[in-house]
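The chain below stands alone and is given in C-alpha cells; this is the form predicted on its own.
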C-alpha cells in the first residue's frame, strides 16, 4: 500500500442539536437550554477547523492479531471488526485547539457554557469522522466497516503510539499525544476503518463496536 500520508480539510458539517444534547447529558430541551446551545455554537463555529490525515494499509488478521504492515495489534474486538477486510484506513481527525481554550475560559466563569462547548466539541469531531468515512466510501466506491478507535472494547489506548508514528499527526494536522495516551487538541480522534467488498451487517454507528453498555453517552442502537 502507499506510504503517502494524505490530508483532507472539510467545510463545516451540519450541526445536530440532538447529538449535542446527548453529549451534554440532557434528556430534553427547553428555551433556556436551546439558547445556551445556540450561543455556544455561535461563539465557537468560526474557530473550528476540520482536518484529517490518513494512510491506507494492508491488513492481515490471524486469530486475535491484526497485522498492519508497520505494526501489529492483539485485540479480539478489532480482529472481529476487520476480519473480512482487504485493507484498512488508519486516520486521525481534529477540530482544532480553539474550542479547548474556550472550554477552559468558560470553566472559570460559566460552567454551563463550558459543558455546552464540551458537548459541541464531541458532536463536531464525530460529525467530521462521519464526513470523512462517507467521503472515503464514495471516493473508492467501497463498503466501510464501522470505525474502531483505541479505547473501544479490548483495543488498548497504547495503540495511539503506533498510529501517531505512521501518520506524523503533530506535523500533519497539529495533534499531539502525551504520556497518558491522551490527545491535544482534546477534540481529536484516531481510528481504524476497514475496507471490504462484502456486505457490512453492522449498523454504521460509533457505539456498535464498544461493549461499555453503561456509558452515559451511548447512542440508541
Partner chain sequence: MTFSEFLKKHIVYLDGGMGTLLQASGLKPGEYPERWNITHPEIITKIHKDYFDAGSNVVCTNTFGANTLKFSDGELEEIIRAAIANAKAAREQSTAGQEKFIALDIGPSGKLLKPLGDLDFEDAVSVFAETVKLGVKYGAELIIIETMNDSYETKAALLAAKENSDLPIIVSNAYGEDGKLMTGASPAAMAAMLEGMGADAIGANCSLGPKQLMGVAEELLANASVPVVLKPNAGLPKSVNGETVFDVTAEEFSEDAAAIVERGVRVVGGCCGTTPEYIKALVQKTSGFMPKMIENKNLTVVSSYTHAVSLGTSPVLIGERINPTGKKRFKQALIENDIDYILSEGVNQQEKGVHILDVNVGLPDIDECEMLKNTVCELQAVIDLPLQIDTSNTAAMEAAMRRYNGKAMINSVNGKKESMEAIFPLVKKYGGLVVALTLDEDGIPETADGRVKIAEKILKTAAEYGIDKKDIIFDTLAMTISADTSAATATLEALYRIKTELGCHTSLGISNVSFGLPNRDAVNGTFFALALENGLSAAIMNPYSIDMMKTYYTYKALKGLDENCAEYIRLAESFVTCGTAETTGTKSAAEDFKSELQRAVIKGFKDKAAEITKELLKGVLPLDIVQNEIIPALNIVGKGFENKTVYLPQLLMSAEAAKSAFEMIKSFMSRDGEKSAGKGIFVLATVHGDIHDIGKNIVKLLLENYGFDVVDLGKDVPPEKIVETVVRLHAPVAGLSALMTTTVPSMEETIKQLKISAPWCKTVVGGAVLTQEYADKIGADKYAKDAMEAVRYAEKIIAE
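Positions refer to the first chain, counted from 1. Because the structure is a prediction, the values reported are computed rather than measured.
Absent from the display: the form predicted together with the partner chain. The rest refers to it.
Note that among 140-148, 111-119, 84-92, 127-135, the stretch whose heavy atoms approach the partner chain to within 4.5 Å in the model of the complex is 111-119. Among heavy atoms of residue 45, none comes within 4.5 Å of the partner chain in the model of the complex. Among heavy atoms of residue 184, some come within 4.5 Å of the partner chain in the model of the complex. When contacts are judged by a 4.5 Å heavy atom cut-off, residue 101 counts as touching the partner chain in the model of the complex. Although the partner is absent here, residue 58 is not a contact residue: none of its heavy atoms lies within 4.5 angstroms of the partner chain in the model of the complex.
Residues from 47-84 that approach the partner chain in the model of the complex with a non-hydrogen atom closer than or equal to 4.5 Å are 51, 55, 70, in the order they occur in the chain.
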